[in-house]
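In structure tokens, the next block holds one chain alone, the form predicted alone.
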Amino acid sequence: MDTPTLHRYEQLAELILGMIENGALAPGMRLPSVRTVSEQHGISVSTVLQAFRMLEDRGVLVARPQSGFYVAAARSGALALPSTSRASTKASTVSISGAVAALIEHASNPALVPLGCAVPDADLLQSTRLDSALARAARQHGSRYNVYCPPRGEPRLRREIAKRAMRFGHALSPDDVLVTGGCTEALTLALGAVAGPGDTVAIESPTYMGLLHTLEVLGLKAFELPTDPQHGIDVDALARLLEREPVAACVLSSSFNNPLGSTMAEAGKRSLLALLARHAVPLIEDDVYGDIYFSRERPKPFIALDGGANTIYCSSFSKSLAPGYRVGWIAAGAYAKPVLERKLAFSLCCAVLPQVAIADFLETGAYEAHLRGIRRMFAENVARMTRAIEASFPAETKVSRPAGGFFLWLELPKHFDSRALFDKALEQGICFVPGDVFSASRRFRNCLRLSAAHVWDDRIEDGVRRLGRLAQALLAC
């Protein structure tokens, strides 16, 4: 399938980014005037301005009054990256359910500044259009859809999901796809198909708190792998683990780990797949953030690479389109039969109308334009939030630099207590997520995750800056 055509301003922005990356445009260099660029590329002045403003919002360009646009200099005050997590000595029994439930309650409270919520702002998504499609389907064909759909899900939706897999270079048929109630159900089905109570599963550290909750409920132990904030897990550490003890599965983010935002390079992914193949260990990958990338190309998931045959692929539309519809999917490959058996036992099938509405939306081709918009918005949000953190948090703070998704991971000095900060923040109407819930062994108490998933406005910026001042005050105590 062809890659969707970018808008003219996005093409120009990509060209400028490429020139900066290859050194043709150096930090501090002045760009040609808006009118000159307009004439050179045969595009309107407003289109050039749109591209320049987008790059300015991302911190790539700076505007100087009466002078023009310049390539931003490397920020001397930029904070360091978080530390690579240390290796575990043994697998941990997970006990996190109470903390996760309490945090979800706070994150869904609209009275709090939403720096903790992992759900994108409805104003950024296609809620109105999807709701209209759902209402139309219910009105016109209500009796047809007020039934159980096939256990694998609505055929039209599975066909559209299979077509989308071609965009990252993997061939799926609709029969390879099983629709789930979000990615959480997909991960639960996958883990249940390959592991049993007491088994050990290798995971990133830090990792998604919802995964830890699932491991706890299934009675699985977690071995936390050292994870670099940019490049992902340490494959050598996984190799040492596999040599000394049995591991039922490895569960990793395809790209843009929650909360770090880390992404393994393709070479690293291939090495990991080869290692798992030698030990006959299945890989379960979570690709919910794969479509929210800030660079020119989508990172390939593990399943699309050589050696990905023993991979179970899980994803959903919850982070990019419709969190409330709870529509995810799983491509289980060799494990399709036990996954389907568990789906039948747990929930039989998913609700039909949300599937129909999303299928209608995908069939129009509007999803790609929507993705371009939210990628731009999230990239700008992450850049703005990073600048607010640099301006207000303690100088010792370390912060991640994700190339996709919408989270930032902050690390403060070892003695800092993010739980104490959390209590103070709630008193001031601010919600974030303390770091210890991203670890099976409750590490990272000196860390926290901030979400940039909402429309950036004065309330969000003020919340980040007030949180930074609270952190400064606590660190000084």
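Note that residue numbering begins at 1 and tracks the sequence as displayed. On a predicted model such as this, the values are computed, not experimentally measured, just so you know.
Here the subject shifts to the form predicted together with another copy of the chain, a form of this protein not shown in this document.
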Query raised in the report: Which listed residue (394, 155, 151, 307) meets the criterion of a heavy atom within 4.5 Å of another copy of the chain in the model of the complex?
Result: 151
Query raised in the report: Only one of 78, 147, 166, 366 has a non-hydrogen atom within 4.5 angstroms of another copy of the chain in the model of the complex; which is it?
Result: 147
Query - Every residue of 104, 184 and 345 near another copy of the chain in the model of the complex, heavy atom within 4.5 Å - result: yes
Report task. Counting only non-hydrogen atoms, choose the one of 129-137, 86-94, 198-206, 272-280 that falls within 4.5 Å of another copy of the chain in the model of the complex. Result -> 129-137
Query raised in the report: Just to confirm, residue 213 within 4.5 Å of another copy of the chain in the model of the complex by heavy atoms?
Result: yes
Query raised in the report: Even though another copy of the chain is not shown here, does residue 232 get within 4.5 Å of it in the model of the complex, heavy atoms only?
Result: no
**Report entry** 4.5 Å heavy atom contact, residue 237 to another copy of the chain in the model of the complex
**Finding:** no
Requested in this report: Give a yes/no on whether residue 379 approaches another copy of the chain to within 4.5 Å in the model of the complex, heavy atoms considered.
Outcome: no
Query - Heavy atom within 4.5 Å of another copy of the chain in the model of the complex - qualifying residues of 303-337 - result: 318, 319, 321, 322, 323, 324, 325, 326
